[in-house]
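Listed next as structure tokens is one chain, alone, in the form predicted alone.
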């Protein structure tokens, strides 16, 4: 078997409640101010809306903007930032063979139609027939197309010209981990030279607030850090998009690209979430990477969601490592499919800057190593299923 190729991250694009791009995110995290949450729009529930975006800069055609739902606009925008950061935006020679792997959920509901049907259905006897008739007549035909998860990949291809192979993964936080795991494996094995990989999510919608509230506690005032939301836990839904460009070292050096960080490994696991299973699964992932970790120069960027028991179990495992820990969902909320990529992006910045932002909550521990940060271990313990861990490191 041929040797595995070294995999570099050469471009990062991120938008969230904290801002646009890594510099805005890092400046606000380092300032240590209050998290930019919204406790009014979906009261009593707290959400994290994405900052206003000048869509024209990444999606120049108004027609393209109109036919996309909000989560697609967020994703296409973040993808454009990553391509620009990697220096390949509008480079057709590279984009013609650049691959793409997307983590995405379903499309957005037409909340006004849903509300009208739910109001009227109470007054009829044959409810099944009534609902079918109203859905056929009230929903716009394009809604069904817009709900396709792989339409995000299609829009990125149309707007940015990424026209190599394309894959779309579904499955909330775990889909983001697997998307990066597969992208990394393909580049390392020589099956792809360069890949755009990422996800987008818009959790600031009434239909999703209702959907999650039916089965999961959502965060209500007063605001609390992700680690300290009580024995029942609580999610704070968010809107965000995050993408990275990864490529083989040889490909990056040939085109003169400057690396952001090295992507060493991506671990992905599943379990039934019986008591203690997340602990044992995540602990095994840390053990699998132990030989590659420089313990005096490494930190943990945690993707803890706030949901229980997953958050408490992750807190136990990361504390065992003795490494400094910072959880990002306190500041950007939970963006499901996009969450892992957002944390990869922030992990890259921690490695690049060599320092850590101030702690918030009982699970944020330690300080940046005296010699600077050389590595970041990025976790993803999904609110419902899926455990993941990635190791990224600085390239000197």
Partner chain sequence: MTSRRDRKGRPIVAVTGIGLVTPLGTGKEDNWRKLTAGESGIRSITRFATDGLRTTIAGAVDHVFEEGMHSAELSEKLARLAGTEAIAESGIGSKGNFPGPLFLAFPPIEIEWPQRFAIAAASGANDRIEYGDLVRAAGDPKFRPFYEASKYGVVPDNLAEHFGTQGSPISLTTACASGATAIQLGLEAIQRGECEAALAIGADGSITAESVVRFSLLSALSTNNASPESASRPFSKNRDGFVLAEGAAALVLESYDHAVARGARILGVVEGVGEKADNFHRTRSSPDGKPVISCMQKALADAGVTPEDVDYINAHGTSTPENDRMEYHGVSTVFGERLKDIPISSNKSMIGHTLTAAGAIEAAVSLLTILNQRIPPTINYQVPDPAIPLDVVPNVARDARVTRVISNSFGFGGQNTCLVLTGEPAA
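Residue numbers count along the first chain shown, from 1. Since the model is a prediction, treat every value here as computed from it, not as a measurement. Between two forms, the rigid core is defined as the largest C-alpha subset superposing within 1.5 Å.
Not pictured, yet referred to below: the form predicted in complex with its partner chain.
**Student:** Is there a heavy atom of residue 167 no more than 4.5 Å from a heavy atom of its partner chain in the predicted bound form?
**Tutor:** Judged by the heavy-atom cut-off of 4.5 Å, residue 167 is in contact with its partner chain in the predicted bound form.
**Student:** Spell out, yes or no, whether the shortest heavy atom distance between residue 224 and its partner chain in the predicted bound form is within 4.5 Å.
**Tutor:** No, residue 224 sits far enough from its partner chain in the predicted bound form that none of its heavy atoms falls within 4.5 Å.
**Student:** Can any non-hydrogen atom of residue 355 be found within 4.5 angstroms of its partner chain in the predicted bound form?
**Tutor:** Residue 355 lies outside the contact set for its partner chain.
**Student:** Look up in the predicted bound form whether residue 255 has a non-hydrogen atom within 4.5 angstroms of its partner chain, and give yes or no.
**Tutor:** Residue 255: no contact with its partner chain in the predicted bound form.
**Student:** Here the chain is shown alone; which of 89, 209, 319, 289 has a heavy atom within 4.5 Å of its partner chain in the predicted bound form?
**Tutor:** Contact with its partner chain in the predicted bound form is made by 209 alone.
**Student:** Answer with one of 228, 96, 250, 296: the residue that has a non-hydrogen atom within 4.5 Å of its partner chain in the predicted bound form.
**Tutor:** Comparing distances to its partner chain in the predicted bound form, the residue within 4.5 Å is 96.
**Student:** Given the stretches 186-194, 77-85, 310-318, 238-246, which is the single one in contact with its partner chain in the predicted bound form, using a heavy atom cutoff of 4.5 Å?
**Tutor:** Going by heavy atoms within 4.5 Å, the stretch is 186-194.
**Student:** Quick one: which residues from 94-110 get a non-hydrogen atom within 4.5 Å of its partner chain in the predicted bound form?
**Tutor:** Residues within 4.5 Å: 96, 104, 105, 106, 107, 109.
**Student:** Core aligned, does the CA of residue 117 move at least 2 Å between the shown form and the other one?
**Tutor:** Shift of 2 Å or more: yes.
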